[in-house]
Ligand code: SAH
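Shown here is one chain on its own, the form predicted on its own, set out as structure tokens.
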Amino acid sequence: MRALTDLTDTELGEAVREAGGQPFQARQLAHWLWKHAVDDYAAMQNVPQRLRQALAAKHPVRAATIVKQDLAEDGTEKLLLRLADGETVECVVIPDGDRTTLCISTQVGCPVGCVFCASGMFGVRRNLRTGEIVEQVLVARARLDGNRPLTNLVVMGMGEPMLNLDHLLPALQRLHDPGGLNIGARRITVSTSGYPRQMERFAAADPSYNLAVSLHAANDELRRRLVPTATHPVREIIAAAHRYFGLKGREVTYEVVLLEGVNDRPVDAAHLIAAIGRLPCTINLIPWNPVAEITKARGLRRPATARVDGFAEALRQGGLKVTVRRQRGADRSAACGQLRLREAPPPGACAAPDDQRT
């Protein structure tokens, strides 16, 4: 059964009609879903009980429930959500001063297989539905103190967003829509490991969201070592990102997860400077959040602060704008996919569906 959160406005109206209701009652239901964020039919006080019962027989209000939460000393809270079919995904609330960011997932698992990431250790199980993407925001926002609103949304959790645009774009529209959750487009960032064709489709969508590209290395050979599924040359990815900037007027952020002795060397900085040149963008350096299972299997290490600072300075000397992400939630399964890996280990690896091998 599809949850109410997964229905379009048209589908919700049809469901209400089939249940014997009137068109205006679909608008009432939508108001309860998005403005009041209720998760129980009983809370929809102005909707007739008979209509609620008829709808409940076919449509639960939501599909996701919290099965585990980890609260770090710095206030970062990671949530593990169980979906209707028993699969699990993660989202994480990151408070930082007056800013509160939520990081959400788009797939169960991930097909990209970055060697440093726990999300892809068992491949991808399936795409998240539109409602399952939106529900992460509803669930997380309900846990926030009334004095701390959700200010920013990043689609950087489990999965590759560009391989689930059919469900992501309607979800973003729901999240942005004043009749939905009313999150400003400038406060929404979508991250991709680099799929030029899908990036063009994303650029054609309205409104204009922010785009981040997980580059990790500007040398094709090294990037393939870090991102084994990478099939597009770095120059094609950067060109697609620059076309996005030209169309939307939004500077692209390039993300680089730094691994000691792997992609944080002077030669790696030189490759980034040469590949990006003077294109308007920001390089966001992310010192790796260690995952014990990956460290044991692959020997990867987080670089020391001095090494990160030196790398950042080399990029700045080369004319690039650079930020360094501060580590958050380090004491509580901080890395993406880690909580799912430890609390609900999925079955063996699963290959990406045919329509995702692009």
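Residue numbers here begin at 1 and follow the sequence given. Quantities reported herein were computed from a predicted structural model and do not represent experimental measurements.
Absent from the display: the form predicted together with the named molecule. The rest refers to it.
Considering the named molecule in the model of the complex, the lone stretch of 138-146, 211-219, 167-175, 197-205 in range is 211-219 [heavy atom distance within 4.5 Å].
Taking a 4.5 Å heavy atom cutoff to the named molecule in the model of the complex, the contact residue among Thr192, Thr88, Thr76, Thr130 is Thr192. Contact between Met156 and the named molecule in the model of the complex is found at the 4.5 Å heavy atom cutoff. The named molecule in the model of the complex comes within 4.5 Å of no heavy atom belonging to Leu102.
When contacts are judged by a 4.5 Å heavy atom cut-off, Glu160 counts as touching the named molecule in the model of the complex. Contact check for Ala230: every heavy atom lies farther than 4.5 Å from the named molecule in the model of the complex. In the model of the complex, the named molecule lies beyond 4.5 angstroms of every heavy atom of every residue of 3-42.
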